[in-house]
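Quick heads-up: it's one chain on its own, the form predicted on its own, in structure tokens.
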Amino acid sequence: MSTARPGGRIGSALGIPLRAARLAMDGVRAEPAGLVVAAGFYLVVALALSGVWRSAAEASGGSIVGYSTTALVWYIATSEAAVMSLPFRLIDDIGVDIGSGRFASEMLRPASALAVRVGGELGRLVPRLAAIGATGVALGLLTGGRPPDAAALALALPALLLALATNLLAQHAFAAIAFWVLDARSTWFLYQKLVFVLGGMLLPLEVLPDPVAAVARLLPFSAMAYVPARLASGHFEPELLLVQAFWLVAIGFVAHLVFRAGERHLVVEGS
């Protein structure tokens, strides 16, 4: 009588998310028009927002809360890339899949449904990040000039990857409410506003009132936009990567727990 080896099961469980990532990446790369649209939309938003901050800095004598006009351009170029490389309505999409029963079929795979979904989204965001990132670098050089600090900019790349991974896991954790209420639209709306303001996507946290900024730095949303943007704007603060690593692990653990609970709820409801 043959028995399945544990190593084989583990390898299969890991291989399925990796295959999902590869297939998703190939799918995005096969439709370059989508990347052009994503990069174009990013360029419009980043140009408008960086122009507003650049004008505000010039009107204030050349800087705002320690950010020069050049620093603000690189800040916005990076903060927008950190958020816009992910699907805008991902939480809503996950909620629809859970509520429609599609997610229940995904639970039949010999791998974590959450891991497969995250793997697929990571595969999709890599080419999007490449297109948007290249556009952001061009935007920074053409409208802001050379980056304020090359060493800090080098740290911004791993920070950007950590920001995207943290954001992706957090969106799955938020979307898990659909296991119980079957509608994640309100969660999506709230989540986006938290990232936009408390996450530092629209503005550096230093612009906020001190008590609000202090609270924002303690929340995970700052790891999703503020940290890579802060580094790209010329602030060499490598300790911020440790903050991101902490939130990545913490949010990943929470997402795992809530999805496990949600899957158990589906099994009980379906039995």
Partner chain sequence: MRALRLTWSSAWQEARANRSSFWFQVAIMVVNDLVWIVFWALFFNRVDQVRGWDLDQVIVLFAVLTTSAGLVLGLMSNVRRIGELVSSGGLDAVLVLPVPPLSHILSRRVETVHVGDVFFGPLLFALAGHPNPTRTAVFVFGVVCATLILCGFLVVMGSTAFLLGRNEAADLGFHAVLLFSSYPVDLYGAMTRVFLYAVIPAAFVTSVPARLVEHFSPGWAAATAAVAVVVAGLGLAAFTAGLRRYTSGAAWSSA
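As the structure is a prediction and not an experimental result, all values here were calculated from the model. Residue numbers count along the first chain shown, from 1.
There is also a form predicted in complex with the partner chain; it is not shown, and the following applies to it.
Of the candidate stretches 161-169, 143-151, 195-203, 113-121, only 195-203 has residues whose heavy atoms lie within 4.5 Å of the partner chain in the predicted complex. Checked against the partner chain in the predicted complex, the candidates 214, 245, 219, 52 yield a single residue with a heavy atom inside 4.5 Å, and that residue is 52. The closest non-hydrogen atom of residue 238 lies beyond 4.5 Å of the partner chain in the predicted complex. Looking at residue 135, you'd find every heavy atom of it more than 4.5 angstroms from the partner chain in the predicted complex. Although the partner is absent here, residue 189 lies within 4.5 Å of the partner chain in the predicted complex, judged by heavy atoms. Contact annotation for residue 62: none of its heavy atoms lies within 4.5 Å of the partner chain in the predicted complex.
Residues from 41-58 that approach the partner chain in the predicted complex with a non-hydrogen atom closer than or equal to 4.5 Å are 41, 44, 45, 48, 49, 51, 52, 53, 55, 56, 58, in the order they occur in the chain.
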